[in-house]
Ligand code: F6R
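Consider the single chain below, provided in structure tokens and representing the form predicted on its own.
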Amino acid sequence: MSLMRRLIDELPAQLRWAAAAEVPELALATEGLVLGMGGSGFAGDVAAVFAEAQGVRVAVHKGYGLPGWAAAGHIAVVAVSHSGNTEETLSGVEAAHTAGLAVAATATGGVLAQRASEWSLPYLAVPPGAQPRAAAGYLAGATLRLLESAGVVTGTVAALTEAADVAEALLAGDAPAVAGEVAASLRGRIGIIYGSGPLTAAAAGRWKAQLNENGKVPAWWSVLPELDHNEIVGWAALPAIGSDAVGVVFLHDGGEDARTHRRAQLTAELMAPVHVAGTVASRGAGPLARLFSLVVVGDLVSVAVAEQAGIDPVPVAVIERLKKALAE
């Protein structure tokens, strides 16, 4: 079993750590803005899904600086960087601090921890060790707890606990077998992940990123119903690619719109001969548990894809080379 496969098994413990974490007090706000990139940025995607289920807006900014509207809003800004050294996120923290916005941070250390200390920003340290993509429970959980401290969302402890229970049951149950079947169906193919609403869109983005980083394969994701207005037509002229070179995985959630669910069924039929590599449905009651149930399977698929190709899922050498080149 690879290191990354063992790290996936740590997800329930990470979520429980977040549920029990001692969280600093934040100034109250009506909405949130999460700054983060890559594996750290997924914490913002999770927070946005959780907040939407409560009728609240949490936006996610994956880039330099701040979105133009941020300075005018009554928002809680949460900066997430596993290393604490992500340059895009740090630029956003500096811009938010200069604008006088309420900023909180979560990281394992690095420059972000230093800025939090220097500027007296609320800070929640997450345990070090894992790579950002293998610390989703820590980072998403910490982000949710900070947003709750700001009054943006509620009920995070119970939600994190349920998500941990569901993830644990899946890992001990049929999730590895389901993931193995999907990975086998994706062998030698570009993975395309189709979501069916906001929750599965976040999960699809996670699947895509994990296939990239763990599986070392190209992948993309789209979401229904939007893809029925464009992407569904894009297979017409290149049927051989659809049948031989790609594999589509449909993600479903019990809370999705009935018409969207029907669209997914019809889309799979009308895309033929595009290869459908599998269909995965969420489990659990609350939105956080349902989202992480899909994350568990996707993470396992990405590692299985790497292992069946004889590739170590942990190293991301090209990203390290890019960071080095940017620093020169």
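If you're wondering where the values come from, they're calculated on a predicted model, not measured in any experiment. Throughout, we count residues from 1 along the sequence that is shown.
From this point on, the text means the form predicted together with fructose -6-phosphate (F6R), which you will not see here.
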Given the stretches 277-285, 31-39, 46-54, 63-71, which is the single one in contact with fructose -6-phosphate (F6R) in the predicted bound form, using a heavy atom cutoff of 4.5 Å? 31-39
Which pick from Thr161, Ser149, Ser222, Gln131 sits with a heavy atom within 4.5 Å of fructose -6-phosphate (F6R) in the predicted bound form? Gln131
In the predicted bound form, which of the listed residues (Ala13, Ile319, Ala309, Ala20) lies with a heavy atom within 4.5 Å of fructose -6-phosphate (F6R)? Ile319
Using 4.5 Å between non-hydrogen atoms, is Ser81 touching fructose -6-phosphate (F6R) in the predicted bound form? yes
Report yes if any heavy atom of Glu213 sits within 4.5 Å of a heavy atom of fructose -6-phosphate (F6R) in the predicted bound form; otherwise report no. yes
Proximity of Lys323 to fructose -6-phosphate (F6R) in the predicted bound form, heavy atoms at 4.5 Å: yes
Just to confirm, Ser196 within 4.5 Å of fructose -6-phosphate (F6R) in the predicted bound form by heavy atoms? no
